[in-house]
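Take a look at the structure tokens below, where one protein chain is shown in two forms, each on its own, as structure 1 and structure 2.
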Structure 1
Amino acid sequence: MDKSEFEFDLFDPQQTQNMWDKMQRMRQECPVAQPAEGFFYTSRYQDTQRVFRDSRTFSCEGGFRAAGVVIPDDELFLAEMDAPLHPRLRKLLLKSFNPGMAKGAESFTQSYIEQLLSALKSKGGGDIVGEVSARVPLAVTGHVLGIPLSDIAELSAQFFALLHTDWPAYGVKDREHPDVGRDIAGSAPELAEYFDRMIDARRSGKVQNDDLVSQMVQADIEGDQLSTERIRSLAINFLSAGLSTTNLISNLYYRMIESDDFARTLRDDPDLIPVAVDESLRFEPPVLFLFRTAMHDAEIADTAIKPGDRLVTGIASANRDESVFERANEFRLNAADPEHLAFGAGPHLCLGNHMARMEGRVAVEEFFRQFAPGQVQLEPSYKYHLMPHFLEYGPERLDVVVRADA
């Protein structure tokens, strides 16, 4: 077999978002492909799940940062932590991130989406990605954290500005230019101050609430409280991790608007809405793959892995593994499947999975409440383009026309 056939540029969205046929061939012919020197892409379900689950062999270290960058311990995101810190923090956070959190946020989510869809309706249409699906996750995660909706627009601007600084890649103060802040407080001082005020108000008892920031303030790990930097970083971690929900909502909306049959099936049987949410996550996962680093020698599907090798967990391919999912290359609403890998697996399984599922379901339910069948149509000149991001999958825009009520 000529393995070079399966080389691809992991950082080029044109390639990573359009390789369903290549993935199918990889699963059959080359289950561990080498897209580039030092990178190993697992295309089958079992292998991908194993890499996610075995966090001792396949570490999160390095995460999405530039090579060699060491992040201050208190500013690490969960998905870049290993044991022993990760399981300790995770155990504590799981007390909050449970189905009850999603249930508690449901009525806020309903009324917020209703408000966004109704605004779209009164204008006769617009870009449903920018005006609805991209706005839901920040507002809902913000609500859970204890951020009032009236602060969200301002805070979102600061948050997106932070994502466009050097901070995601470097996350530390530049040692050669110590005046140039690249940690969170240096990169986004107003955002850091906002969270620090929230945290102080809860520490001092000025604000007494049961929101997530309050829960983190009250939590302790073996008698030690979480530091202000840790709570602030985790809050920003939750806001940014939740952003993938935009793609989930947009993918569902696109399918509903584009296919009358699909929309009718869900309208006629609302019990199928949660099924459609999970099928969307399987069939077109918002996150296409993630990275790990091998800590020890290992073997996956007869391929030798050496310490330092980078593993690419092929979520999108694993979710269409024909040996696991019936009619894997179709969008189905009637299959009894094992769990898809859209939320990862094992010790780092998405903490927000209950929240994401609730947001996806409510987005569909509210759409049906707001609009009659066929009332929302794609603009005649609309062209489908995916978000130009190498590991994301969802439309960049969805320009729609909303007809006046009959």
Structure 2
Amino acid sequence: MDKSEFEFDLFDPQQTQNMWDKMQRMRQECPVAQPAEGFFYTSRYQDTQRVFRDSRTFSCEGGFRAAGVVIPDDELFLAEMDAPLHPRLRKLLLKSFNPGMAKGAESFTQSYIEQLLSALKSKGGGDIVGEVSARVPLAVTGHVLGIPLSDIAELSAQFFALLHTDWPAYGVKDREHPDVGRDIAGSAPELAEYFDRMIDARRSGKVQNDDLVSQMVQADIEGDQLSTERIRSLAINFLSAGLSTTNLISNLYYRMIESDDFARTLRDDPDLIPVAVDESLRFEPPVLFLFRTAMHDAEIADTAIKPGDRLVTGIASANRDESVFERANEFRLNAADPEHLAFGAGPHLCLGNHMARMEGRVAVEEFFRQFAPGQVQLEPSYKYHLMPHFLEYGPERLDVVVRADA
């Protein structure tokens, strides 16, 4: 077997988003492929789950960044942290990111999605990604953080623009001009200034709320307070992670609009809506893979891993592992499936998993309340394009027409 045929550019969305057949062949022929020098891709469920769970052997060091990119310590995202810092922060944040938070935010989520869909309906259509699904996670997470609803549209546009640059992988807006800075202040000064003002207002006592930013300002972690840079980075981390939920909602909306049978099945049996949310997460995971770094010698599927090697946890491939999921390469509504890996596993299981599931479910429920069967249709000239991001999977736009006569 020529393993070179399983090579691909990890930072090229044209490749990472369109390799379902290649992933299936990996699972069958080369469970730990080597897409590039020093990188090893786990394509099977058990191997991928093992890497997620063994954080001592497989570190989060380097996060989702390209090789050689160094991020200031106070600006690390949670997915780039190891012990002892990560469990300390996670313990603090779990006080907020839990099923209770999701339940408490549901009424706001319902009302906000209703407003967005009603506006779309009133003007006869539009881009349901930009006008609905991109705004919902930011608004809901922003509501928890303490961001006014009036700021969400502008923040959404700023995040959307930033995530279309090289910043996610390289920490800069443009690889050809790296002097703009690798920190958030250098790469996204408007966002940095916005959150610094929020933090300063709470430190000074000008704003006294029980929001998540206030809780982080007041937090004491073994005698230490969180720096402004740390709080700012975590706030941006939580909001940027919302792009994954944007993809979840967009993927569900596309499937509902494109397939009358799928939409009818969920309308006829609303109990299947949460099942559909999880199946969307499994079948078309909003995040295709994550990175880990080997700290010790290890062996995965007869492949030797050396310290410093980068592990690419193939979430998208693992979620279609035929040895784990029945009819794995089909979208099915099967509530008895094993747990998918869309949220990871182990100590870094996504903090926002309860919120994402709630937002996906409410987005579908509100769509059915607002629109009659067949009332929302794709524009005749619409062409499906994925978000141009190497890690993400979801449509960049969903241009729809809302029929008044339905």
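Sequence positions of structure 1, starting at 1, serve as the residue numbers. Each form is matched to the other, and the largest set of C-alpha atoms that superpose within 1.5 Å is called the rigid core. None of the values given here were measured: they were computed from a predicted structure.
- The chain appears twice here, and it is structure 2 that represents the form predicted alone.
- Here residue 233 counts as shifted, since its C-alpha moves by at least 2 Å between structure 1 and structure 2 after the core is aligned.
- After superposing the rigid core, the C-alpha of residue 105 moves by less than 2 Å between structure 1 and structure 2.
- Core-superposed comparison between structure 1 and structure 2: CA of residue 267 displaced by less than 2 Å.
- The two forms line up on their rigid core, and residue 208 then has its Cα shifted by 5.3 Å between structure 1 and structure 2.
- Relative to the superposed rigid core, residue 151 shifts its CA by 3.3 Å between structure 1 and structure 2.
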